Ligand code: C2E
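Shown next as structure tokens: one chain only, the form predicted alone.
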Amino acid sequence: MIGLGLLLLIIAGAGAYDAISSLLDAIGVHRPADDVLAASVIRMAVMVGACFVAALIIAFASIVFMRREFERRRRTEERLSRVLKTAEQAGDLITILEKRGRIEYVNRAVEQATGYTQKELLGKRSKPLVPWYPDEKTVQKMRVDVLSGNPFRAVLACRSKSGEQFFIQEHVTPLKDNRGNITRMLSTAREITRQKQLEERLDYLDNYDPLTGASNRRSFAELLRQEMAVLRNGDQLLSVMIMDIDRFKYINDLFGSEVGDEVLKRISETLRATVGKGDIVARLGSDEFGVIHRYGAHLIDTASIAEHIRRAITQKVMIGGQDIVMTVTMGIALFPDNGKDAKTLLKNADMALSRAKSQGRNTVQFYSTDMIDRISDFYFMEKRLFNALKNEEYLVLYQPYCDLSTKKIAGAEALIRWKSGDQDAVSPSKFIPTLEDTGMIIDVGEWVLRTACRQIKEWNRSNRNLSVAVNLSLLQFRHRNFIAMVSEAIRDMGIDPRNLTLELTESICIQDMDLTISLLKKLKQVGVSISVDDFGTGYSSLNYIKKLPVDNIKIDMSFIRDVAKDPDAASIITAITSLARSLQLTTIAEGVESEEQRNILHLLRCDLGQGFYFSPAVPASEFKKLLE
């Protein structure tokens, strides 16, 4: 730069002298030819002056150039500072790697995610190049892709300095110089650990029940399809067991969801410990579980494991300070006999479960083809019953119960009948189960209760102070508005509540004794009488009756039928009447059909009798004639 400047100064000086000489010649200034010294002095002065001027120009130009260069560098440094400042504050992980493998820059997000400090990373050639990468193979793939000019994109499961796993979504691009040569690699990554954990959680929930850890219904169906595909050409067979925990809703309502959840976990643990090694356990719904069981050529294998499961679950356990009795009802379908695909097999197992429930609790039922016919009958019965109440197709008959000594009428039982169109009246045993299964029993039961209360009012107007008994189903008795509904019916009809008797079967009474006692006490506060129907059939000990706030005991007709010829039946009736008298309860014998039975029951100190011997159930108009 300096040599070039001196050269320019000399050239400029010489050029300036020649220019001045030419100017003097042009204006006629005389220059002696022999005046060499003067000419040299003048020439030198001109050259020096010109050089000085040129030096000033060059110095000025250099200052301008340097100032512009300084300003350019300052702006570049400011931009770089802003970029680095932004990178430091960025949430993404930013890393710059030199082509040969040294890390030149990491931002604060990298330090926070990996646990490595800048001091530990910068300028060091570590192996692997990026120490938080999952393995060397991934590092090499990244380098090959980027150094060949292509970006590298991946979701990586990385490890921090402490060994903790975290996930990043990374994008690495090549950085090139002015000539297009790759000199560095720029990595920008976003930590997606929480997103990945959420995805894994959602995937888990898509296949497993979060409470018990067992497979869920969707996963169960898929596993069943896989098992069926494996066994199609094999020697083994397969069964699907669908089971419900008996009375689980009452456990939840009485003791709370925490106790209910613990029951579900206990059931799941029991199933896993009971089934075979290759069997699959799933929770299919609220209190519904499923088991896929492989078995050999003999059906007894499935029957045996089903009974083993039922016995293992049937137990009394202490949960949350409460004694809980757990039982289970189970339906079973077999592959390939009961279905060639998973959907059919599950449907038939559910059908078998419904059949088992209709036969009682704590039972096991295998699927059979006649269930289709029964379900078809149920479906058409349901359709016919749907508008029966609205169309006034129900009627109430009254069957008297009489004093066994005087044969005088002491009260009546209200019995519902259903008469659709021109058909004969249908027995309650045929349509009541459908009303209970569909929930229509709530509205129909209220209609029967109000009809009976209205009849009590009619008889009271005729100076007939007669008690009428109304039967209750379990669904009615446990309905949350039942007590209020009874009180409202009595109030609306303006009757004495003592003239209304509510009948519950023994099986209803012994289900959840604490709840039963609580509800019966509330009914007693309303003022109604309580009667236990079918007494003596549902419980091994009769002493439980002492706990119940009841007024009457109705002795089941199975004992009455054999009382004249079976000494055991007579002994049971004697025990019941003795217990009732000690508790000041009235006894009513059901199914009295002969004078001989009446006489024996009277001798056995039974108070009242009901049956065809006295009268069948009749409409209210005919019952009035019986009273007269």
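From 1 onward, residues are counted along the sequence shown. Predicted, not measured: the structure shown is a model, and the values here were computed from it.
The same protein also exists as the form predicted together with the named molecule; that form is not shown, yet it is the one meant from here on.
Q: Is there a non-hydrogen atom of S518 within 4.5 angstroms of a non-hydrogen atom of the named molecule in the model of the complex?
A: No, S518 sits far enough from the named molecule in the model of the complex that none of its heavy atoms falls within 4.5 Å.
Q: Residue-level question: is R417 within 4.5 Å of the named molecule in the model of the complex, judged on heavy atoms?
A: Heavy-atom contact with the named molecule at 4.5 Å: present for R417.
Q: Is I432 close to the named molecule in the model of the complex, meaning a heavy atom pair under 4.5 Å apart or at it?
A: The answer is yes: I432 has a heavy atom within 4.5 Å of the named molecule.
Q: Does V448 reach the named molecule in the model of the complex, with heavy atoms at most 4.5 Å apart?
A: Judged by the heavy-atom cut-off of 4.5 Å, V448 is in contact with the named molecule in the model of the complex.
Q: Where, among 408-416, 250-258, 220-228, 286-294, do residues come within 4.5 Å of the named molecule in the model of the complex by heavy atom distance?
A: Within 4.5 Å of the partner lies stretch 408-416.
Q: Heavy atom within 4.5 Å of the named molecule in the model of the complex: which of Q399, T363, N216, T95 fits that? Just give me the one.
A: For this set of options, the contacting one is Q399.
Q: Pick from A312, M557, A303, V325: which residue has any heavy atom within 4.5 angstroms of the named molecule in the model of the complex?
A: Of the listed residues, the single hit is M557.
Q: Is it true that P428, Q476 and V592 each have at least one non-hydrogen atom within 4.5 Å of the named molecule in the model of the complex?
A: Looking in the model of the complex, the three residues P428, Q476 and V592 all sit within 4.5 Å of the named molecule (heavy atoms).
Q: Once you account for a change of 3 Å or more, let me know if F386 and Q359 sit closer or farther in the model of the complex, using their C-alpha atoms.
A: Closer, not farther.
Q: Which is it in the model of the complex for the CA atoms of R247 and T438, closer or farther than here, knowing they shift by 3 Å or more?
A: Nearer in the model of the complex, by 3 Å or more.
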